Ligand code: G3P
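One chain comes next, on its own, written out as structure tokens in the form predicted on its own.
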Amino acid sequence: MKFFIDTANLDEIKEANDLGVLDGVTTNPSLMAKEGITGEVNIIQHYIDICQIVDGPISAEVIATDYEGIVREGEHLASLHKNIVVKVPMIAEGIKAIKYFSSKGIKTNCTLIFSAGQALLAAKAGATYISPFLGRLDDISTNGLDLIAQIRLIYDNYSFETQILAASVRHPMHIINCAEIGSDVATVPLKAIKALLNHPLTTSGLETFLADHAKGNS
């Protein structure tokens, strides 16, 4: 399973990349705003900065919701760097745009997926990735992992090449569950990646080893 980090914070991206396990980055307007990045010029430059840190897919989201606007923004974003993936919302105009981008060889990430039907349409249109938001489904008492399992079954049934990019991941067990189901990618916050490192027996075992080593050299 590929690991993407879901953030616009350059320090977090660098830290995750330095671990040696990072495959890509996803961002969205909310994450940009959280970092105080506003205005088209600044946002575009920020995408370029991210591409200079991580050599992997970088999802850059369009703001337009009409077909012509999505295509115009998407083509501009794709021109910034070979690793840019155009992030398109799951709406009718977005599906039409994804079909267009697919015909032009532009990679896409269909975002805000909350049903298997939406995932099926995005795959039919040729999306490179689809982003089911499992955490937001959990928030309304719906099992987001069930959706990922359902999409995995459908995609395997028909050999769709579209990759499942599990989004809205909240904690390390979400990551493990997604890996068990067979999600192609999980995009996660830095704290969830780092949480995978931790286990109390690892900590106590290392403390014991170091203490015994110190005794032998005293």
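Bear in mind that the values here come from a model prediction, so they are computed numbers and not experimental data. We number the residues from 1 along the sequence you see.
Not pictured, yet referred to below: the form predicted in complex with SN-glycerol-3-phosphate.
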| item | value |
| --- | --- |
| Exercise: Lys96 in contact with SN-glycerol-3-phosphate in the model of the complex, heavy atom 4.5 Å | no |
| Heavy atom of Gln163 within 4.5 Å of SN-glycerol-3-phosphate in the model of the complex | no |
| Partner contact for Leu31 in the model of the complex: SN-glycerol-3-phosphate, 4.5 angstroms, heavy atom | yes |
| Phe133: touches SN-glycerol-3-phosphate in the model of the complex, heavy atom cutoff 4.5 angstroms | yes |
| Segment that reaches SN-glycerol-3-phosphate in the model of the complex - one of 32-40, 51-59, 166-174, 64-72, heavy atoms within 4.5 Å | 166-174 |
| Residues within 4.5 Å of SN-glycerol-3-phosphate in the model of the complex, restricted to 175-192 and counted by heavy atom | Thr187 |
